[in-house]
Every structure is written in structure tokens, then in C-alpha cells.
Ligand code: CP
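A lone chain, given as C-alpha cells: the form predicted on its own.
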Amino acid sequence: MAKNLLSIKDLSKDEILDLIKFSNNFIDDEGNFRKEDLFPDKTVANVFCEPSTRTKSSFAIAAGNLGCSVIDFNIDNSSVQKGESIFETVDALNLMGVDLCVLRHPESVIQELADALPKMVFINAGEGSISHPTQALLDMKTIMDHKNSLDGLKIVIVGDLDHSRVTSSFVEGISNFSFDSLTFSGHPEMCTNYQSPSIGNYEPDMEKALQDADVVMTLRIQHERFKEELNLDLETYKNAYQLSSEKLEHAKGDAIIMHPGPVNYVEITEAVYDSENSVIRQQIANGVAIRMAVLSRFLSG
């Protein structure tokens, strides 16, 4: 296994399956997370240069559950506000003895940091619209929990694909497996990078895309983009691309509905979120288990 987790491409198919299987050890039969003092001598820094609730909290909880000391680095109250570069900030943490840095950043800086600071372990917690490897792992774990395999499935991804690091990492991960089909859907202006994909196919008609789907991944739509860039009417958009109970009837009866969060009910209706098909709340819990597995593996280096 690589020293750092910068991209899902850093993991082989066997390593992906091993991490998913390993993560199951951290959830007990009642669905609670095990707390094991495995790394009391390790210090983990959460460095988030973009807003995050789920990813940041789940990394902090995962590290705490493993007995690590956790530094929650708040960008708003830091020297970055005084003009310090991210390199100087992370180097300072490195000099203070931080063992592992969980980094979210709007730009592609994590590879350079990893190259510059070889003693520190880096986990990518979201990089621009490029990459979010632990999200891909928890998404694949959630699918396996319900479908027992990542092979032979009809998978549909719908939403603002162009701005989705969730999509790019998931596609990198799932490309290791023999899925039946992978279909991208969504408003053409939000899917410019996916209309001639190297893997899978694009279908602008959402009802056609959903036909016999096993897995439907919905992605967050940013309200501000409607106003500033896209010149789209929200109600017209929802009519065509919001996942409703009616549209869901085109998928298989036991299809699972996923969403990385936060959900703002543009992408799906509340009825679908609350339906038996929805595994969105389980994804959040799986985030802690996967991140406990990732931290364990990479701290054990």
C-alpha cells in the first residue's frame, strides 16, 4: 500500500476490498463504533481549507475512536488569514510532530505537500473538484452492504457532475470492478465533462437513465450556481432532474438511493430521502468506519 492516500488510484482493487472489509471490524453488532486505543502515541491534524461538516467530523471521531490526539485546525482563526501559505502551515505542524495530516483544499496542493514533507502521512479529504478518495470508499462500502458486490450492477449518477469530486473519485474506484452499466445523467450544462465519458455513458433523459437501475447516486446542486452561472429556472430543473417517487419507479424495486450530503432537496424529494430505498443516513455512519480503517492502515504504514 502507498504511504499516502492522495487519490483512489493509489489503491489496487484488492486494497479497496481489503479496506472495506477491514472497516466492518470497527462497527459492532448493534451498529456502534468500537473504541480501541490503538494509536495513543499518534497525532492527527485535520486541516480543512474549505467548509465541511460530515468529512471533518467523521475524521475527528475516527481518529478519537482509535486513541489518537486530534488537532482541529480552524482556517478562520489561523495564520493563513495573515498570509501564511498552506505549505508553511503544514510544515509547522510537521515540525511540531504531527504524524498524519487530513487535508481538504480548494486547489491541487496535496501531492506537492506530500513530496515536500516525506515524514508526514497525508490523507486527501477533498481536493477541488478533482478527488475525494475516502468518500468513494464509503460509497463503495455502502453499495456492498446492500448488494454484496460491486460487480454486475447498473449504476446511475445524477446531478452537478462537472463540479463533483465525489463523481471523479467514485469512477476511479468503480472502474476496478465489472459493473453492468454506469450512466451519467443531469442537465447538459452541468455535465459538460461527462457527455463523452471514457467510461460509462451519458443520458440526459433522467427517466431513461434510471431504467432498471440498482444504484442511484444523487449529487448536491449548489443554489448559487443557478443564479450566477447557469441561468436555469429551479422549478424547470426539478421537474426534469429531481429524483421523485415517480421517477424512482423506473429503477429496480430494491434500488438504493445515495447522496454524499448535505441534502438540500433540490436533487431528491423528502419522500425519496425518507423512503426504504434511501441509504443516505447509512453513508454518514459508514464514513466513520471507513475513515477508522484508512487511518489505521496508513498510521501503521
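Keep in mind it's a predicted model, so treat the numbers as computed, not measured. The first residue of the sequence shown is number 1, and the count goes up from there.
There is also a form predicted together with this ligand; it is not shown, and the following applies to it.
With the partner removed from view, the residue among 253, 31, 51, 40 that has a non-hydrogen atom within 4.5 Å of this ligand in the model of the complex turns out to be 51. Every member of the trio 55, 135 and 260 reaches this ligand in the model of the complex with some non-hydrogen atom inside 4.5 Å. The stretch that touches this ligand in the model of the complex, counting heavy atoms within 4.5 Å, is 127-135, out of 88-96, 127-135, 208-216, 195-203. For the stretch 103-123, the set of residues having any non-hydrogen atom within 4.5 angstroms of this ligand in the model of the complex comprises only 104.
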